[in-house]
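We begin with a single chain expressed as structure tokens, specifically the form predicted alone.
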Amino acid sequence: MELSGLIGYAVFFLSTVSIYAILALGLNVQWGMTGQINIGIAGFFAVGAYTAAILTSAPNAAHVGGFELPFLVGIVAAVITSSIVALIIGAITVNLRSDYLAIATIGIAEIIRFTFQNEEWLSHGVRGIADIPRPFYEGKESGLVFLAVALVSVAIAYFLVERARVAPWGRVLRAIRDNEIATEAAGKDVRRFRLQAFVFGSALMGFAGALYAHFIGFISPDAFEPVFATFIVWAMLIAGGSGNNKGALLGAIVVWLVWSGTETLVARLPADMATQASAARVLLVGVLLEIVLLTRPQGILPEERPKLIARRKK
């Protein structure tokens, strides 16, 4: 492969990893810090992607929108829309136990996906929305410009989540995760903190969705299948280290490296097994996850507890 091809692949790889890293950070707020099982990541990812696409793409008679608004407006709108959707869903499901919350979020994500699939006036149905512009620059080097935007976005998301982790707010979330009854007995409004964490994490997922739309330039309901937008994100967080923001970033790199590598392996399958390639890739990621869990149950990077503040001696 020529040098330009290697550089192009590296840019694509790092851009994709950056988007998944933001998804993993959002999930870490909900599961790693608070203990909420969200199996509906794909739903918030799709809401962010479609919001940005409708607002920033060119006019199209086949669906609503096409306002040609700036990239940053689309990003802000995606975050706000995802937050509103999360606030409505969270207000309904905040009192559910983790297993019931998992079932509820699966259903909600599928409802969102089928809505985009069937409401053609809104999203152009299965034909999707095309010609979504790249941010700031559409020329030959637009891939490098997008990578810079994606890396800055990861830095912003990491800063926000890390600040939340070490703040008193993050300590309350971990207390809820470890012992909800004791936290409530200590006078904390558990319901309110759980809802805040759910909205914060979902807003990051919507943010990642908007970046994905501008990166690929085309979105359709197929892009938000649970295996691509939920299973892989969970594998990234669990393998990297649940509760550790650095682990979420590392997990995104490792799992996407394996996922990309499996593409080469399954390409060598016999022709009569080609239809099973997708399942084989999922199986290989699952094997990786099993190996990590057996050798390092807390993930590659275990959770780091913030240092306690020592009391001054009188």
Partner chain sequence: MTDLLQLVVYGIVTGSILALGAIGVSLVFSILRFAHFAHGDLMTIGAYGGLIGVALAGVSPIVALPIAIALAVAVALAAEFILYRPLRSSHPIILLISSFGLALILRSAVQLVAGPSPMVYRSGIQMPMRFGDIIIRPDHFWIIGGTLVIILALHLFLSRSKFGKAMRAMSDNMDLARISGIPAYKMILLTWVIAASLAAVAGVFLGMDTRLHPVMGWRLLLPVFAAAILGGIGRPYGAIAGGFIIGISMEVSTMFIDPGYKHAVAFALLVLMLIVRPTGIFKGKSL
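The term rigid core refers to the most C-alpha atoms you can superpose between the two forms while keeping them within 1.5 Å. This structure is a prediction, so every number in the text was calculated from the model and none was measured. Residue numbers count along the first chain shown, from 1.
Heads up, the form predicted in complex with its partner chain isn't pictured, but that's what we're talking about next.
- Although the partner is absent from the chain shown here, Ile103, Val282 and Leu289 each have a heavy atom within 4.5 Å of its partner chain in the predicted complex.
- Among Leu160, Leu87, Ala175, Leu96, the residue placing a heavy atom within 4.5 Å of its partner chain in the predicted complex is Leu96.
- In the predicted complex, its partner chain sits within 4.5 Å of a heavy atom of Gly107.
- In the predicted complex, its partner chain lies within 4.5 Å of some heavy atom of Thr115.
- The closest non-hydrogen atom of Glu119 lies within 4.5 Å of its partner chain in the predicted complex.
- Its partner chain in the predicted complex is not approached by Thr264, whose heavy atoms all lie more than 4.5 angstroms from it.
- Screening 194-202, 163-171, 124-132, 233-241 for residues having heavy atoms within 4.5 Å of its partner chain in the predicted complex returns a single hit, 233-241.
- Taking its partner chain as positioned in the predicted complex, none of the residues of 125-139 brings a heavy atom within 4.5 Å of it.
- With the core held fixed between this form and the one not shown, Val17 has its Cα displaced by under 2 Å.
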